[in-house]
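In the structure tokens that follow, the same protein chain appears in two forms, which are kept apart as structure 1 and structure 2.
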Structure 1
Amino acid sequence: MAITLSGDQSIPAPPLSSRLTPAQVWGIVLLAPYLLVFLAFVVYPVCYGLWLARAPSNYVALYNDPIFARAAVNTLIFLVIGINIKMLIALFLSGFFAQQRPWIKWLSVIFILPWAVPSIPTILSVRFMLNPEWGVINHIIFSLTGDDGPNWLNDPTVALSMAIGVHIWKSLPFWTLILITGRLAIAHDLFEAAEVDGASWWQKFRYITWPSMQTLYITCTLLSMIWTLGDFNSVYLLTGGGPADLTHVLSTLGIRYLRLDQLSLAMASIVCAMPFVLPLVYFMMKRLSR
């Protein structure tokens, strides 16, 4: 590139390196490794997965597979029931743990352990507890009643309910902590004025707490839905998709096709989750941009 002065005279433009400040150069140097990692481990796998799932025959095969339809229904049940129960419990527990009492602070340390401990040992421990032969739950039932306990994970409805329960138990502390921060941000003077006016706890919640936390609650719910769509551990580590592949969700269904050596169907089943994810991302970003 050259800068023209007049006629045929021109001066070569200085090189790019001389036009950048040292701070800009260091910014590019430090940013380059991140971009390379992002391209190698995010962009390339996503593009490769979309390329594997490009054939329309993959989606015809998924449509004709009854396990895929069951997995889609299970995913909706997981989202509608699991997310709403989890967020409602987190909303009310945030009010309990926001109290300034020493014993509540110690209790909160115990409460946060399921979220802090890695998923594999915690969920597998629950699976061992539910074992029909030597699990601790059936052992307690036998010692109290003399009868053998049920095979908890042999019924699809019970197994999926257990998976939803494990998901709530595992992620509830995190969302409770987020909502506690929202409660602590509310001016305490509002509650003192309501107390003087004789407001009940429900009136305080309805007219002070909920209006102040509504945006945070909805945003957390949308974000939790996005993360739950990718929750592989709660279902696969507990039930393995069984019995008879009837508790699979879209995040675990790909493993079933991989076991059958059907890589393109595995990728297509993951792509089918996009209609669930993209609207949630759109609504969440729209709320955050207000």
Structure 2
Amino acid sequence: MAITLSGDQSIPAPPLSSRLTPAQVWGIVLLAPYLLVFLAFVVYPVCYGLWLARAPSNYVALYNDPIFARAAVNTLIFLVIGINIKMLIALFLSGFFAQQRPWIKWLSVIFILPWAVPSIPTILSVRFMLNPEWGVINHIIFSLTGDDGPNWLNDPTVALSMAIGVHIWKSLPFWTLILITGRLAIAHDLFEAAEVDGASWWQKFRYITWPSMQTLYITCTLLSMIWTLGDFNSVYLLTGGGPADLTHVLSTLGIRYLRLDQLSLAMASIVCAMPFVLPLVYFMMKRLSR
């Protein structure tokens, strides 16, 4: 840290230090650790990855790989169907959990569990429940109907639906919690006034709840899209991408190429998602840094 003494110094002080107060110098020192982490583990990997994925041949190879096309479609299904179901249920449940009842308060404490506990044992637990021979679900189906249940993870459509179900199971509590916070922020007298006017629950939702929560709901949906793109566990731990690599999504596909030692294909498959991700990221950053 250079210190400027007085104006009559013969050697001019370095311009930078003369403009910085000691507090600002400390500011730079305290910010440096994060900047180092950011440069070493975000900037360098991303640039290096983009450089590896630069050859057009990678994209031709992806285009010709039927697994890639399937994964892209699966990702879209996951996002459009999975997220909308999840967010609508979360919106509905936020109304349920906003009710003042002791037993509902207890239930809300339990309801958080899927979010708090790690993915791997719980998703593997679901995986075993769906096992066609030993799983509890087919045992129940057999004892009720006398017929064997379906082979849940053997049909790609069913297996993908189950993965979406697991994803919803895991992330529903978080979004419900956020939407409860949003709901509780609505002024209570609005509802009381509507009650006096004899409004139905739908009218209350339509004219009070929804208008005040619309922005929050849309922001949550978009943020959830970004995070769902990064959800590797739901698909990988439940189906492993199978049967016959038909349930991959972009996140598991990238890791699959990585495991096959095709790093440039792995990066290229992620680059393909960027035109979709970047507008979302830009929008979220604008919303949050306002």
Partner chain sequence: MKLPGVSEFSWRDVATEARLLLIGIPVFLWTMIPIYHMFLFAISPKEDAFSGKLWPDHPTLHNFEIVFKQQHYFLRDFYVQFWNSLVIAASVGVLTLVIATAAAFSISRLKVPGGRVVLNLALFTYFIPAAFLAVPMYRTMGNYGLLNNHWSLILAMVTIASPYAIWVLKQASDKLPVELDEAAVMDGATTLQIFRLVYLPLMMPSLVAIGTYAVLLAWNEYLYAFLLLSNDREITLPVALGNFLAADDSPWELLMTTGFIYALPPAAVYYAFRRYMVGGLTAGAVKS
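Along the sequence of structure 1, residues get numbers from 1 upward. Because the structure is a prediction, the values reported are computed rather than measured. We call the rigid core the largest set of C-alpha positions that still match within 1.5 Å between the two forms.
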{"query": "Either 1 or 2, the form predicted alone", "finding": "1"}
{"query": "Core fit, then residue 258 C-alpha moves 2 Å or more between structures 1 and 2", "finding": "yes"}
